[in-house]
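In structure tokens, one chain follows: the form predicted on its own.
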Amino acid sequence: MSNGTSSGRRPVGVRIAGTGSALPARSLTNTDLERLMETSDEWIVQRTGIRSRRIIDRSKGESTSQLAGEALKAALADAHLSPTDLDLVIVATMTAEMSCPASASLVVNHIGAGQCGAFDLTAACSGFVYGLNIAHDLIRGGAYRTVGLVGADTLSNLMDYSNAGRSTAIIFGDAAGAVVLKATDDTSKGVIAQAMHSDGPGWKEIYVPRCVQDFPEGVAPDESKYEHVQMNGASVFKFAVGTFPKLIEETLAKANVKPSDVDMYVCHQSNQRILTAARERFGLAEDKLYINIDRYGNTVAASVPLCFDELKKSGRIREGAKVMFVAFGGGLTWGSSLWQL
């Protein structure tokens, strides 16, 4: 295990040594939602592409950190490593059980990772992609050699499953996905290009109020909305539609590669229409931009690593591929990470 200090070694490559994911047992289908609120399967599918999502059951011990721990254990097994091989654990989440300790610390305890470093990263749906760039650069700089990165969220805890909250409750699901990043002597492996951006004034488009002061100017405070996601759906959709292709273009330009040079685009699953429009804009084959939102909904920071784990397990992503990770979400935030695997 690294002691967390740079030893002056030459820069190293970074490889994704293992992937894993974890899902709650309970499935919440569109038909289930029809019993809770005024909506329909047809309406939800037409606007989002979602047919079902998973939600946690706290009585069964499911939580953000529990899912995160299980996903990281699966990634370690895939990498043929033990928890004590980790130098650092990063958990990207906006739904930590507590403000203290960090979910990452709970994960370290859950998997028995000893005294490695641990911290949470909060960037909503962009969290995992931000984390990829941070973890990669920590390893490439020589400070750490093996990092566990998890994206985990349980937004069912922040949903109002009534007519008052139906515009958001139909969208989100719970999940966790993880990767283990490891130093390698092959310096060709790792990030080719990356980008991370934010639009601070756009914070009011997606927020979770906890008190009167948390409501943006012009919005009447409402105690019934405390601890529930508030989202301006039209504004967020416009933001995503405009940002998504520009982010891909920016990243391709930084790497000096064409859209067709990338073997797979692993994108945040926010809306199937947005994903399909991006694929058509860049002239990508259908099998180059993965979609699983129909089965899981928008799982926030878990979205990208869940897709990546499924792609790797199915053999659709192999060593040597160029893979672009892309995400955008609350903050407002957006980011990319183009890898040579």
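One-based numbering along the sequence shown. Only a predicted model underlies this, so the values are computations on that prediction, with no experimental measurement involved.
Below, we turn to the form predicted together with a small molecule, even though it does not appear here.
- Taken together, the three residues 133, 310 and 336 lack any non-hydrogen atom within 4.5 angstroms of the small molecule in the predicted complex.
- Taking 81, 231, 252, 196 one by one, only a single residue has any non-hydrogen atom within 4.5 Å of the small molecule in the predicted complex, and it is 231.
- Among the residues 86, 90, 159, 170, the one placing a heavy atom within 4.5 Å of the small molecule in the predicted complex is 170.
- Listed stretches are 22-30, 45-53, 58-66, 280-288; the contact stretch with the small molecule in the predicted complex is 45-53, by a heavy atom cutoff of 4.5 Å.
- Residue 273 belongs to the set of residues with a heavy atom inside 4.5 Å of the small molecule in the predicted complex.
- Taking non-hydrogen atoms only, residue 166 approaches the small molecule to within 4.5 angstroms in the predicted complex.
- For the chain shown alone, residue 236 is a contact residue for the small molecule in the predicted complex, at least one non-hydrogen atom being within 4.5 angstroms.
- Residue contact with the small molecule in the predicted complex: residue 183 places no heavy atom within 4.5 Å of it.
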